[in-house]
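In the form predicted on its own, a lone chain appears below as structure tokens.
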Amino acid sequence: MRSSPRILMCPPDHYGIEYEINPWMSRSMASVRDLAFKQWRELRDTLLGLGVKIEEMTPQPGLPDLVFTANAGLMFRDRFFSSRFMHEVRAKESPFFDAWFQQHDFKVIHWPEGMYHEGAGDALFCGEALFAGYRTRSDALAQQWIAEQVGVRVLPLELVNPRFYHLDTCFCPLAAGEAIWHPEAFDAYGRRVIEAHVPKLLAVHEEEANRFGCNAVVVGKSVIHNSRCPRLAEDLEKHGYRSIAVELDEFLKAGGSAKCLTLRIDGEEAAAW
């Protein structure tokens, strides 16, 4: 029997918009603390209700984006490839993530100097391949390096729309050979790569992509995504998935949603390994 999924989260005790490193962030648009907690707890409770085992990081003052655990690193079996963040404000998170994974018996590995990679935000398994976003926050050389380390096929995808700065904002594997995506986030070559390797694709329309409908968490046949994405919900239901909407607009202010707030530490649902 397959064990329960394990997901790492971090409570939003210190979450806020304290700097601007993507087009969504504006320090003039402050987060509402109580509402952020309410939305985060609803996501956590929804996952618990699906049988997920939730592990929690300890929030740290001065690290408002520690709540976005998906960016901590890339998981591969018992190895944690710790992110090398492009922005110094986020690089300060890495020692806390590294310590957590070391304490939980994972082997912590760092990218070489000169490479940038932001973990599961830019690297998602779909079947036997690792789909890898680059340009905005991770670079192509880092994706080539991870291919050598894990011995799987890596498919680099250039992200050309700055609003979709991580791969997980515009592409979400549902199962081997199935995914939701926002085609306009990729260049023509990237679109052809995805279409060639993922037979069943559900396109998320611009309005719902801008609500980070693609930034979803998949647990079996359930897909948890931001609220007010009715077309996505309908498409998922037509294809045999249960759509679960959770309002996460406080985190959208920082350019994040359900997937950003979670790191699947036992591997992504769609991963062959």
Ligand code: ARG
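Residues carry their position along the shown sequence, with the first being 1. Here the structure is a predicted model, which is why all the values come from computation and not from measurement.
Not on display, but discussed next: the form predicted together with arginine (ARG).
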Only one of 240 to 248, 224 to 232, 62 to 70, 29 to 37 has residues with a heavy atom within 4.5 Å of arginine (ARG) in the predicted complex, and that stretch is 62 to 70
Discussion item. Within 4.5 Å, heavy atoms only: does M25 come near arginine (ARG) in the predicted complex?
Written reply: yes
message = Is L263 part of the interface with arginine (ARG) in the predicted complex - any heavy atom within 4.5 Å?
response = no
Original post:
Heavy atoms within 4.5 Å of arginine (ARG) in the predicted complex: does T169 have any?
Top reply: yes
Exercise. So in the predicted complex, does any heavy atom of G121 sit within 4.5 Å of arginine (ARG)?
Worked result: yes
The one residue among F186, Y165, W181, F80 placing a heavy atom within 4.5 Å of arginine (ARG) in the predicted complex is Y165
Only hit among R84, R90, H197, R191 for heavy atom within 4.5 Å of arginine (ARG) in the predicted complex is R90
Restricting to 241 to 261, the residues within 4.5 Å of arginine (ARG) in the predicted complex through any heavy atom are A254, G255, G256, C260
